[in-house]
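Single chain ahead, written as structure tokens, the form predicted alone.
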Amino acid sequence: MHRSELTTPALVGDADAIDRNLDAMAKALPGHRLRPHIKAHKCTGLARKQAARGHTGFTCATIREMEGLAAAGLGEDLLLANEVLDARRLGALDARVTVAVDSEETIRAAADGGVREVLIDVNVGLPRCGCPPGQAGALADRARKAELEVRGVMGYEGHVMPIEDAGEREAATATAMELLKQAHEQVGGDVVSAGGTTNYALNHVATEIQAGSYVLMDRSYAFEELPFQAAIWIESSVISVAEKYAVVDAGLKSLALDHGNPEIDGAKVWFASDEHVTFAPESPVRVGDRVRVWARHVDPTVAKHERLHLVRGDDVVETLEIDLRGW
């Protein structure tokens, strides 16, 4: 298929750029130093490409992702880095399953659901899930009394990821990881799981890094020192042209705006609505022209699509199902 034959809006990826991103991370963090986060692409096809490069343990955000990877034969070591209150579906998986816990209730849910291994989730500065560092040891003791194996700790310094200056990002990472290190000293275990795409080389405490965005890459993370490039876009069609602006058939239902407006090369994006992006092109465009709309946050953008079309030049060389959507 030629790229021009795709019905727009379509999620399209540069096959060579994705391979380069995968190879760069495999070189930087070989084997179990990386536990790729599946939430970034929700695609077993891309997970297989990661596993082929030696990254065979995965991080997940949903039970659906855990089930899909296990069913695909990618269940060597799966971490649900999220709290759940009903773990029965997890306990039934033919896979090695570890679940994050940060309370007596989530510990009980893991034990009742048949899960055998957990990580103590620690709040390292991002106001999201995780117990205070000083409570990690007591929670680990409670988990062991519930006959759970405590593999170690995890924490996500997500508030650090958007910092553009690498020195400031490294310093903020160190501050967050000092909290996780203190918790690990109380908890024990072999695993200290943390980190992400923009600080994978700056986190000197974690035994494994949970980076995910690097595969497809956020435009909002386009920091100069990172070896990854934006590899996906929304292929769209110009459907209307006015004197000072034009409109394409992408919009809120095909891309995420939580990190800001999308980008169009050679144009200024004015705004996005349900099915439209309105932009001011630097050069004239015509109805029917194809335009690449770059989302600034890939994770929720990918989740809006059923499939990803990989292209090399103008040829569609592979189509991958986004088969881990949902919960």
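The structure displayed is predicted, hence computed values, not measured ones. Don't overthink the numbering: it's just position in the shown sequence, from 1.
Unshown form predicted in complex with another copy of the chain; subsequent notes refer to it.
Engineer: Closest heavy atom of Lys49 to another copy of the chain in the predicted complex, within 4.5 Å or not?
Structural biologist: Flag for Lys49 set to no.
Engineer: In the predicted complex, does Pro127 have a heavy atom within 4.5 Å of another copy of the chain?
Structural biologist: Residue-level check for Pro127: yes, a contact with another copy of the chain.
Engineer: State yes or no: in the predicted complex, is some non-hydrogen atom of Ile239 no more than 4.5 angstroms from a non-hydrogen atom of another copy of the chain?
Structural biologist: Looking in the predicted complex, residue contacts with another copy of the chain include Ile239, since a heavy atom lies within 4.5 Å.
Engineer: Under a 4.5 Å heavy atom criterion, is Val247 part of the interface with another copy of the chain in the predicted complex?
Structural biologist: Taking the distances in the predicted complex, the answer for Val247 is yes, it comes within 4.5 Å of another copy of the chain.
Engineer: Heavy atoms within 4.5 Å of another copy of the chain in the predicted complex: which stretch among 99-107, 144-152, 222-230, 194-202?
Structural biologist: Heavy-atom contact with the partner occurs in 99-107.
Engineer: I need to confirm a contact call. Of Glu306, Asp23, Glu318, Asp314, which residue comes within 4.5 Å of another copy of the chain in the predicted complex, counting heavy atoms only?
Structural biologist: Looking at the other structure, the residue within range turns out to be Glu306.
Engineer: Out of Glu157, Glu83, Glu235, Glu208, which one falls within 4.5 Å of another copy of the chain in the predicted complex, going by heavy atoms?
Structural biologist: Contact with another copy of the chain in the predicted complex is made by Glu83 alone.
Engineer: Determine the residues of 260-287 with a heavy atom within 4.5 Å of another copy of the chain in the predicted complex and present them in sequence order; the list may be empty.
Structural biologist: The stretch 260-287, when checked against another copy of the chain in the predicted complex, contributes Trp270, Phe271, Ser273, Asp274, Glu275, His276, Thr278, Val287 at the 4.5 Å heavy-atom cut-off.
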